[in-house]
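In structure tokens, one chain follows: the form predicted alone.
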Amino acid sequence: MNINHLAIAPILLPLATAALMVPLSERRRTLKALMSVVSTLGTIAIALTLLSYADAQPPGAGATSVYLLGNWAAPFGIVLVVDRLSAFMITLGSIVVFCGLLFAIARWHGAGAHFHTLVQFLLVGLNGAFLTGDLFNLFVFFEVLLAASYGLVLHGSGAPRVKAAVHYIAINLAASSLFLIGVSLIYGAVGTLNMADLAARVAALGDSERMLLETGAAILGVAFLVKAGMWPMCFWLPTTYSVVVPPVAAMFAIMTKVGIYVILRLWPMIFGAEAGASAYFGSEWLLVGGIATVVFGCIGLLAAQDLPRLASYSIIVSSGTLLSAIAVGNVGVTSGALFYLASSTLAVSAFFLLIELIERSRMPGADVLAVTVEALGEEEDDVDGADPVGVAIPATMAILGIGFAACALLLAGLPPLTGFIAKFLMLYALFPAGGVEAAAVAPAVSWTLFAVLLASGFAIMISMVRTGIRVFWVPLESEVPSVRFLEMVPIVVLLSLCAAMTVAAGPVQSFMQATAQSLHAPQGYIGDVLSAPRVQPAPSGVVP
């Protein structure tokens, strides 16, 4: 089966669905919801098909499919490229968006206009960004997903969301300006924006062109590090993610990974070992920034006094961990980071949805009151016959508590779930004695990352246990929340996927290892893109 035309389907399907929904009145919300669900399920099916074809390629192979838009050969035309990494990312993104969509249909999709249309445009931007092989096209899809996210941040209205949206839009417009400046400098230095062609030309650049390239790459990197949430450019993230409606926050768990994806795609390809004098350009800054991001996220976790901010700072810790791992430039560490990327994204998305259900059982300001009681150190009288410590937990609260515990284990990296496996794989690869690779990582880097990974897990566990006690064990005032079946389904799906990855850790890790090998040895990808043949017209009188 020729899958070349399937490469564009994850973009065309949600784009066509969004176009059909635009003229529909909001009174046809049920029809819109049905169309959105069918479109997103179709996108997941296409993504899984592409993922299976990519997985069938030998380890370290290049592109599975190269789609030439307009039938112009690279580097003159825009291309879409399917390989292991892009197939993995569109699958992960589609699943996260689908789970957020299901949760929204139960309650939140009626809180504002054009919700389903914006979700489909968000999916268009995400899939396009993951599939494109051209920097300018990456900018186009990046702006599509940002435009959709602007509307989704405002969904549900309210002063806090409007205020957060103003900051969010301003920051992302500034990042987009940096993106354009960086791309312009790179084109002026190299004369191409095709990623594969750019990587093939880097080693032969002269000193003046190389300086211009590195300047452009640094500016471009800042634009994506803003989106990835690296410190000190992550100040916007906790405020924004903690006030948007829960299903949107769950979808946005994949948004920070767009910046991570671009760095993971471009840095080993353009500034890898074959880049001559530019080899490993910026790795020190990426490593230091990643570690600083983890530290900042841990401080935020320990200081957070409400559940949404707790989840938001968990995203920052996740981003810092991934950036640090990428900066190491080690195949084994990168494969563990990819495992961690999937685990943390699914866990944070489930956590945002779970928070909405937990918050329904609590009175407004419960977190602040609990902190006040702790600070004042009030004690209850120890009187015979007093009520026993703790509360009887109804079935709904017990289910929510189990979900909360699962999220805590996943985010903290404790056994037996995927968070632990991912961190173990990264730590195992940091030391040559582990036997993952012959290439050794500097001991100082290895031990620093070792300490950071363990400390971040410890900080997450402290904050989650503290919050869990307040919410489930000694709540000041609570009632059993009303939870719909449709609201529990996406949470169960996300956590079940983490459980499935735990059971199938061997095959999943083999896929991640092969993906990391192709990223750090991009010659196959470069050759496949630059040599992709144009579609030749069928001879006259012959049915193609």
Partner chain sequence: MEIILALSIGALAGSGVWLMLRSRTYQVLIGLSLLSYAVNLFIFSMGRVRTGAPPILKPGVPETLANYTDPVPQALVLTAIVITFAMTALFLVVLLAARGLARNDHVDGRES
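Numbering follows the first chain given and starts at 1. Being a predicted model, the structure only gives us computed values, none of them experimental.
What follows is about the form predicted together with the partner chain, which we do not show.
**Q** Would you mind picking the one in Leu453, Leu287, Met233, Ala165 that has a heavy atom within 4.5 Å of the partner chain in the predicted complex?
**A** Filtering the options by heavy-atom distance leaves Ala165.
**Q** Just one of Ala273, Ala147, Ala106, Ala405 has a heavy atom within 4.5 angstroms of the partner chain in the predicted complex, so which one?
**A** Here the answer is residue option Ala147.
**Q** Any idea which of 327 to 335, 405 to 413, 155 to 163, 313 to 321 reaches within 4.5 Å of the partner chain in the predicted complex, heavy atoms considered?
**A** Single hit among the candidates: 155 to 163.
**Q** Closest heavy atom of Leu193 to the partner chain in the predicted complex, within 4.5 Å or not?
**A** Contact check for Leu193: yes, within 4.5 Å of the partner chain in the predicted complex.
**Q** Contact with the partner chain in the predicted complex for Ile181, defined as at least one heavy atom pair within 4.5 Å: yes or no?
**A** Heavy-atom contact with the partner chain at 4.5 Å: present for Ile181.
**Q** Is there a heavy atom of Leu185 no more than 4.5 Å from a heavy atom of the partner chain in the predicted complex?
**A** Heavy-atom contact with the partner chain at 4.5 Å: present for Leu185.
**Q** Is the gap between Ala398 and the partner chain in the predicted complex 4.5 Å or less for some heavy atom pair?
**A** Ala398: no contact with the partner chain in the predicted complex.
**Q** If we check the partner chain in the predicted complex, which of the residues in 134 to 157 reach within 4.5 angstroms of it by a non-hydrogen atom?
**A** Counting only heavy atoms within 4.5 Å of the partner chain in the predicted complex, the contacting residues of 134 to 157 are Phe136, Phe139, Val140, Glu143, Ala147, Tyr150, Leu154.
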